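Two forms of a single protein chain come next, each set out by itself as structure tokens; they are called structure 1 and structure 2.
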Structure 1
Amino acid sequence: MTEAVLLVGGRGTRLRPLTVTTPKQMLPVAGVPLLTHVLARAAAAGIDHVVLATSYRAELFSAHFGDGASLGLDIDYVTETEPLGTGGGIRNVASALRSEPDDPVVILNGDVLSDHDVARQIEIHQQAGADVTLHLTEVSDARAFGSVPVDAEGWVTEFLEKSPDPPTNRVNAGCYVFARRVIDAIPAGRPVSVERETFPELLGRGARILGQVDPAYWLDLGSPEAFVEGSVDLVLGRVGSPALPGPTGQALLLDGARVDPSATVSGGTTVGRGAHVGPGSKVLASVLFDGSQVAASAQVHRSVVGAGARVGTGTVLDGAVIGDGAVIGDGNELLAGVRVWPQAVIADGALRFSSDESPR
């Protein structure tokens, strides 16, 4: 048996208002929840048992994925009642693991979209007899990341915090293979950061931590811009997934989606189930959630339109995030970065809220 822990406890504050009621890992990316792509890739890598480390809206995960049988997995759920950090979250699920002390356990972040070869990482970990094996990715500018230098054989020598002059462009991509005994040694019942506490302490004790450099596609979908980018890249075929729900290309149209013959939908756009794009509209590189409506002659560019939301006639959205059920009246022009909360109504240049939810 090969098993994995998926960390899915974050509240996704950078993705508000989309995450007001939905965990970010459950938001639809190219037609299915982001976590479906992660789980499908885990199954393809030979993982058969997964423990989801949940927190925010934990019930939504079990309601959607159940026991995991539809994905060829056996899924268990452990809910964190208070924030424990990455290391604390991993340690919190130890009782649900079934592996022996020296067996590999894969740790995955549920908000990362990647083509990384997890099966190869497990193989390298076992061949090297490592205590921990990290996926490292190379970035053009490592100043925004903690960098991870390695020696000529790939063994990690340091874990460095963000700095203006990092010694390497290799950074931690957030996919780990742990020997099970390493998980059991993490302190229980308190917050622990694997990046700031566990890994440095392991190095200090002489543990063998290996860095596997893999230049495969890798994207953290934690911001609205990255969320749109990841969905677009899946639809355009820049990154693969066994979980894609239909033919891709310039657009992915889900069941019941309607696009008027005079409308243009392109650039890797997803049109959700029952969504409608009206006459003369242009939708480019965007994500339209289920039941949303884009009225005639509207323009939607690199934006997200929430479930059941309506974009009025002649409206222009550019880099906008429209919450579920929001209504944008005719002829509005919303420039990059504008976010409209669920159930809000914009009409005649004024904004009002039709629910108790407001921006914060």
Structure 2
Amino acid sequence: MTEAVLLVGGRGTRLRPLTVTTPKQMLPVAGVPLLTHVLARAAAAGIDHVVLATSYRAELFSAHFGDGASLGLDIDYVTETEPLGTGGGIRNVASALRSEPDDPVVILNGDVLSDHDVARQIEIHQQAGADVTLHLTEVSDARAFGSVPVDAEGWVTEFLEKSPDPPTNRVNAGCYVFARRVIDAIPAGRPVSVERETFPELLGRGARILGQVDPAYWLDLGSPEAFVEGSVDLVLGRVGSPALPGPTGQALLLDGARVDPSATVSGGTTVGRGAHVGPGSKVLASVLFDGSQVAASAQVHRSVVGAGARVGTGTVLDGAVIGDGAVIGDGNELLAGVRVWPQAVIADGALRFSSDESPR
């Protein structure tokens, strides 16, 4: 038996307004909830028991995944009444784990899409006799991540979460192997950050934390730009997933999606179930949620259109996020960073929002 804990309790603030009603791991990415890709990959890596550490909108996870049988997994749910943070969330599920003290337990941030070889990480962890093994990946700007310097043999020397001046661009990829006993030693019943408290404290006590650098595809889908990028990469085949719901390529068209023959839908776009793209419109590298509508002669680029939302005739979206059920009238222009609240209505006319202001 190999078991994993999935941290899925965050509020997904950076992905608002998409996360106002839905936790980020339940948002559709290439046609299925992001977490489905993560779980399917975990199953493919030989993990059979999964504990979901939930908090925000916990009920949506169990309603969708149930006992996990459809993914070949045995899924348990443990819900925090108050969010306990990443370390507190891990500690809080200890009673649901089945592993012995020295067994490896995999911990995954639930918002990461990756081709990383977890089975190999477990092997390396066991061979080295590590207390914890961290998957490390390289990014161009490490400030938004945990920067993790290692020594010549790969042992972690420091863990610096979201530091303004990171010493290395090798960052924590949010995939850990913990010896079970290390989980039991995290303080219970209060919020704990695994990044800011547990790792620094373990290093201070001389614990053996190993870093495993793996250059495989890796992306944290926690921001709107990255959310679109992850979905596009799945559709274009830049990263694989056993959970893709249909044939991919330039676009993924889900059941009941309708694209007018004179429209162009490409660049890794997903057109959701029952969604509609009208005559002459161009939709490039975007995510159209179920039941959304793009009217005629519109241009949608690197944007997300929420469930049931409507984009009017001739409207241009570029880097925009449209909440569920919002109505964007004809002839509008919503550019980089604009976020429209669910159910908001923007009248016809050449409105141009190009700041981070969120029209509600």
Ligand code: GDD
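Each form is matched to the other, and the largest set of C-alpha atoms that superpose within 1.5 Å is called the rigid core. These figures come from a predicted structure and were not determined experimentally. Along the sequence of structure 1, residues get numbers from 1 upward.
J.: Pick one: which structure is the form predicted alone?
T.: Structure 1, which is the form predicted alone, differs in this respect from structure 2.
J.: Quick one: once the rigid core is lined up, does L71 have its C-alpha move by 2 Å or more between structure 1 and structure 2?
T.: It does not, since the L71 C-alpha is displaced less than 2 Å between structure 1 and structure 2 after the core fit.
J.: Note yes or no: does the Cα of A142 move by 2 Å or more between structure 1 and structure 2 after the core is superposed?
T.: Where the cores coincide, A142 still shows a C-alpha shift between structure 1 and structure 2 that is 2 Å or more.
J.: For a quick test of reading the superposition: does G206 move by 2 Å or more at the CA between structure 1 and structure 2, rigid core aligned?
T.: It does, since the G206 C-alpha is displaced 2 Å or more between structure 1 and structure 2 after the core fit.
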